[in-house]
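In the form predicted on its own, a lone chain appears below as structure tokens.
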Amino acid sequence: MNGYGGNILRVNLSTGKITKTPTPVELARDYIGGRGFGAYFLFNEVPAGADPLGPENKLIVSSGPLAGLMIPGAGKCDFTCKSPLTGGYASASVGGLLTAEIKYAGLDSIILEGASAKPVYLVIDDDHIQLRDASALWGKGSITVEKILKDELGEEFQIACIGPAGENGVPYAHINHDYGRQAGRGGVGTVMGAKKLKAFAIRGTRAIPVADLDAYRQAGMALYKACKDSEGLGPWQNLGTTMVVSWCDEIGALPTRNFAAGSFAEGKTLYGPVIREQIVITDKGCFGCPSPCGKYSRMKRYGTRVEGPEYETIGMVGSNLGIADAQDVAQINFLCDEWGVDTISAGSTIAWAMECYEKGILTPADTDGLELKFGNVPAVFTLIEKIAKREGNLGALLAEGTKRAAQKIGKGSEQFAIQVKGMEQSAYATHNATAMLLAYMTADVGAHHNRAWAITYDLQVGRELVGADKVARVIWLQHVRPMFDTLGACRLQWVELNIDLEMYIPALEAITGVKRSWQDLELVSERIWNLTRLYWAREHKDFGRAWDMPSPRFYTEPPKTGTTAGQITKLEDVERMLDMYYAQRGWDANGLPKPETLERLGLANLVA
């Protein structure tokens, strides 16, 4: 098939059996690639009620038709599984160079099945595929392991690996790639660890077939020219996602001390220009990227280097923990990367614990003597290691994530556990930003921003406004933004450089030979969105409206400081937004797809 690697690779880690089958044309037509392939295989191949850490769960690694080709940002890869953090659908996207190598090896998806009895790593060198003993790598950090495998196999191999957190079953463990890119959310690294798969390395030498080479070159060059001509290119190249810090602080969206506020009094020391001046030593981009947002930093105080910190990390382990020093935040980033934990979930869980400590819910007897006050940097360093090792009562508790930890401790701590569906909310405070709040509430993996970054629309039309147009905007974003993860390309050129969506259509047609409009692509996104909703309902018998409710903090506790001081979204407005959202989605009052909606999307046969 034009634009595709052409094959699905299956590796059964229980038996060691490795098979390869052609990618079905119908699968590409109906689900396109990337997260679409992942959602399809998860729903159809992982049995209902499967243990997320059991051999029946699968880790599905998928590329897309734009990936590995000369299209701006065509370096996105999707990891899908049943989440050990939420028990529902997990989909984590990673940039870098991995997705291109998957395509060059003639593959579209790698499906990791079963579980090995001993630590192994997978090597894919075109058609030469084998499992090797990883006993000597087990227990080592993810950045360390990538260097070891690069030295052993060669720089051309692209590596995906886990750290000790994934080995030890921490349900928000990530998968590391390219010395600092992570598939971070939902515990995809935990599933990899449960399968005793420490890493996989891949190198390919095949060309990707293209339907119309001249048209592809023309469409690709037009996209690159649009990026080059964009007024936003220079600032984005200079600061990357760190440019968001000052903006969020000014509008009251920067998470501060466990989302108690949206503005951080000490925040100026974490603004993009300060980060650039103090610690950044070079820029780093993913495959085919004209606007590298990666910033590689050196922390002289600690003698370490890290890719980052990105905005989400600055927000979640910086301001959200009351930490205002760039080197400290970057060192926390490094420790999370090496130990293998998601910075968003780790930051949220530690912030919850700090609030518990300051309110007397947790005492020094509960914290192994650690003084868990906001701003205590050494305590955070210690906690990351404890979490990754599940060490002691405190490490074991916080390794469970915010929702489960709050359920265990109780004493009102559930009221400030900042999560939806068991997924810790990423770094946008939503006390009075109703579109962004709704986006978090209804995101198909839990409270994650990459599905619908709607906060700019809040500012455009009125952040407190609740209405059908705002709901429609959230749904549109939930179709368009995740489509990039389906196509295998980065959305940031569209978001930050204002590249016209329609410019991707001739590129996709030239590559695949299939004419598709954005309306057609949005229909595919809607199909995937409803499929994952069905998956949640299948795995949780009580799934429905209650699972879409945000943390009570956002409708009961107006911030006392900052731009949004005194502002809050009322509970009745939260409920009203859900009503309108379900109606526009074609779902019932409990948030489940109606039969006619499933029929329209070709999913009716999936409901018994």
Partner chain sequence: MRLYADSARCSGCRACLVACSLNLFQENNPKKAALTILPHFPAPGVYEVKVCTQCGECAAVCPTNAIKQNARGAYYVEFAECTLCEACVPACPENVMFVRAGLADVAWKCDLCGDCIAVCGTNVLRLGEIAAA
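Residue numbers count along the first chain shown, from 1. In this text, all values refer to a predicted model and were calculated from it rather than measured experimentally.
Keep in mind the form predicted in complex with its partner chain is missing from the figure; the text below concerns it.
- The single contact residue among R491, R305, K389, R473, judged by any heavy atom lying within 4.5 Å of its partner chain in the model of the complex, is R305.
- Screening G204, G252, G240, G422 for any heavy atom within 4.5 Å of its partner chain in the model of the complex leaves a single hit, G204.
- Contact with its partner chain in the model of the complex holds for all three of L69, D283 and C286, each having a heavy atom within 4.5 Å.
- At a distance threshold of 4.5 angstroms between non-hydrogen atoms, E312 is out of contact with its partner chain in the model of the complex.
- Using a 4.5 angstroms limit between non-hydrogen atoms, L149 is distant from its partner chain in the model of the complex.
- Looking at E155, you'd find a heavy atom of it within 4.5 angstroms of its partner chain in the model of the complex.
- The closest heavy atom approach of P290 to its partner chain in the model of the complex falls within 4.5 Å.
- In short, of 139 to 147, 348 to 356, 493 to 501, 529 to 537 it is 139 to 147 that has heavy atoms within 4.5 Å of its partner chain in the model of the complex.
- Of all the residues from 93 to 108, those having a non-hydrogen atom no more than 4.5 Å from its partner chain in the model of the complex are L97, E101, Y104.
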